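Coming up is one lone chain in structure tokens, specifically the form predicted alone.
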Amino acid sequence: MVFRSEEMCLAQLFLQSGSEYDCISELGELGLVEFRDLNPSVSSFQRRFVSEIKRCEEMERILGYLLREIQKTRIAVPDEDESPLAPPPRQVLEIMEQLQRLEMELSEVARNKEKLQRNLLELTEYTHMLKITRTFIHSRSRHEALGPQYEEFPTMETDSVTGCTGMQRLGAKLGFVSGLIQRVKVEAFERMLWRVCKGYTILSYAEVDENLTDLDTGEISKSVVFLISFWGDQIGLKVQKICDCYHCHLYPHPENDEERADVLDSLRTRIQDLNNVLHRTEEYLRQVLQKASESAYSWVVQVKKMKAIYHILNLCSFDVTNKCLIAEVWCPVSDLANLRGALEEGARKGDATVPSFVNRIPSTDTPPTLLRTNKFTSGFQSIVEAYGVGDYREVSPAPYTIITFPFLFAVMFGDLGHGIVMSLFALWMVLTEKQQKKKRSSNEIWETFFSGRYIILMMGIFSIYTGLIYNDCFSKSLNIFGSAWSVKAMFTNQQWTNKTLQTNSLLTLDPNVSGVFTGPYPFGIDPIWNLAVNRLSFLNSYKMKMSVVIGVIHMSFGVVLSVFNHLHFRQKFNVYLLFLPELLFLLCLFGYLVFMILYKWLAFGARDSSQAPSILIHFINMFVMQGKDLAPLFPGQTGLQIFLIVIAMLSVPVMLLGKPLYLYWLYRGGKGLRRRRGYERVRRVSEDDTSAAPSYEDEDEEEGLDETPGREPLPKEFDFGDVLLYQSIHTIEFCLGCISNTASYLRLWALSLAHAQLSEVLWGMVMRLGLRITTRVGVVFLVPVFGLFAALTVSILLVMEGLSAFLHALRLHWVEFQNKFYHGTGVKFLPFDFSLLPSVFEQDGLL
């Protein structure tokens, strides 16, 4: 990883006719350059290679249909280890013909299969209808009613003399309509029959036992077989229309049992034949799709690359002779040799008689920002770029973030046990990363964790370190080196007796007694503090001061990094008028606070700790010029504090007025051509707009030189008010930010204590309950207790607390650290790279 973005250049590519396709293909495989659009005023439909792009889109449509059919049959599409190259233009038509033939064949087979399935469903429904309606007829033959009898219609009653009904005397014939209807429509269907036919129909229905597929929608649903008996042709027409309105599937009703049996036998034979034919059709369709799936991945990649190449060719412009394509690209200076090699290889593949070449051209436009990363550093670079893409050639915070980000996280998350669990999880993802990449999971949460696996690994390792410093492992301390505190010395020196133990519930070890305290613990916090009642007060003081020390060092480092930007962009005046005042203001106030913390730790011991003054009181008195009656922390403290306050206060007007007055002097002063030349340079790279500032590393700074050719014209007017207003905002933000940012680092103390207390509460309320049972039953009871403890540890302490610490560490980097030197207003370098192109089929889950 580099400490600033790579140097870029603008280049013209002259691609000879006939080899332009192969040259762009080579560039896409290497991913070296970012193309600029030379036809911004031309619409997408009026460009030269529109027909080729439409052909690629047609092939994408066919491939989409093919992949959906493959997915329906649950055939896996094998991936290739190496991505296939873009096919030459002469093979494009061959691939198009193959895909069209395959589409026609699949469409025909699919239509035949659908027709066979429809016939099979119709025959199955007909079979169910015949079986169920037979029960209706048999129940009627046993003089059981087929449905409700309507006594209010005397025409339906049988005459006792003639034995005929009124409808039969009028010449009306009895008719039947049978079929199937969806279960949800039966009630409405029955009401409609009653209202329209005035009771001149008899409806009988029964539900089919098995679920059937709807012929029109393809959905599986419950169906009902119905039999409608009616008198007269007019009633029959009404019944027919009602059945059509409710999308009923009607089938002919046999007149007698012999005809019904013959139809059922015929249906069984036809269903068996259809099943055989359908099985052979599905086998043939599977064979075709299996063969197509072997080439599907290659076709998808080739079509994607072809379409991308023609899109790039549409960005190019033709020269006046129409024999050469001209492209403009941003390219890293270090990759120019590779760019020339790619053009030579493309010209060789395209059998061009005239080679393609590259020409570097000057430009006043702001180049894009390129920071090369690998699989380890890409996650940390993503954290930085979430704030904003760095300006061109600006100092990048990413290399320092690799250390500072997991360290600040670990300060808030410090626990040896939790750090080990997090490290093992991240290490598993790192060791199995190749297998995980092949799976291509669509789970967004898992993808987020997997892409940040190296960040999680570093956070876990640093958490192990800080856990050892805090001597915390699942809220318990480890007595590795043995405590430096001794209880025995209190009895030896007759400070304690047996009566003292009996009469006091709490006892205090006095380090001033010889032998009680033998020295500091070799590494981290002494484990005896885990037993102390005042443990929280001790850790509060320690972690709060530690947070302030870390915060001031972190912010000072950010201010120091800004000097590298000033020197690189030839802004030496900013070193004296911005960097030095900012650093002096920060160190004279908060650097002095850190000095007092360290001095108090070193100067006062156990014997004179009661005489140690309060740092906070001294720091407040430093601003209000009071506290002369307080004991000083060290000799000469008052004079030093007055000196530091004066230096800090003098830094403010320098920050506020120094840069605006200097720029005004450069523009209005009387130094001949140096005046305008110097102002032009400063204007282009000042006002913290380094994104628009090219580097003039090759220019000398001798006075009296003429203006360098190719620069921007000089501004006609200098607006002193704008510059002063901008600098006023910057000064106020920095001065107030030093106070608020230092206080913001106290979150390290707060979250560290919160994490430790949550861990202690979880141990006391869950794990300790299982450990208290000393009988054999306790061993069995300990298993679910440990499972609950592990689940709560992972969900609350690792996931929720880890996410909280992650977000707070992110804020400390974005707001407190990066704003001291990093502007993040640049444009990211987006190379033309086939491996970075999105695939519509992967987004749709077809690959």
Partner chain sequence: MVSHSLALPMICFTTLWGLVGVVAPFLVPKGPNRGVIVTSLILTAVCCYLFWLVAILAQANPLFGPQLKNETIWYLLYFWE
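Just so it is clear, the model here is predicted, and its values are computed rather than measured. Throughout, rigid core stands for the largest set of C-alpha atoms superposing within 1.5 Å between the two forms. Positions refer to the first chain, counted from 1.
One more form of this protein should be noted, the form predicted in complex with the partner chain, which is absent from this view; the next part is about it.
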Could you tell me which of 323-331, 597-605, 731-739, 241-249 sits within 4.5 Å of the partner chain in the model of the complex, going by non-hydrogen atoms? 597-605
4.5 angstroms heavy atom contact with the partner chain in the model of the complex for P362: no
State yes or no: in the model of the complex, is some non-hydrogen atom of N276 no more than 4.5 angstroms from a non-hydrogen atom of the partner chain? no
Distance check, E125 to the partner chain in the model of the complex, heavy atom within 4.5 Å: no
Although the partner chain is absent from this view, report whether V430 comes within 4.5 Å of it in the model of the complex, heavy atoms only. no
Checked F318, W194, F643, F538 for heavy atoms within 4.5 Å of the partner chain in the model of the complex; positive is F538
Only one of N534, T269, S614, T135 has a non-hydrogen atom within 4.5 angstroms of the partner chain in the model of the complex; which is it? N534
Within 4.5 Å of the partner chain in the model of the complex: residues from 771-808 (heavy atom criterion): none
Tell me whether F357 is among the residues that move between the shown form and the other one (Cα shift of 2 angstroms or more, core superposed). no
After the core is overlaid between the shown form and the other one, has the C-alpha of I403 moved by 2 angstroms or more? no
Is it true that K488 shifts between the shown form and the other one by 2 Å or more at the Cα, once the core is aligned? yes
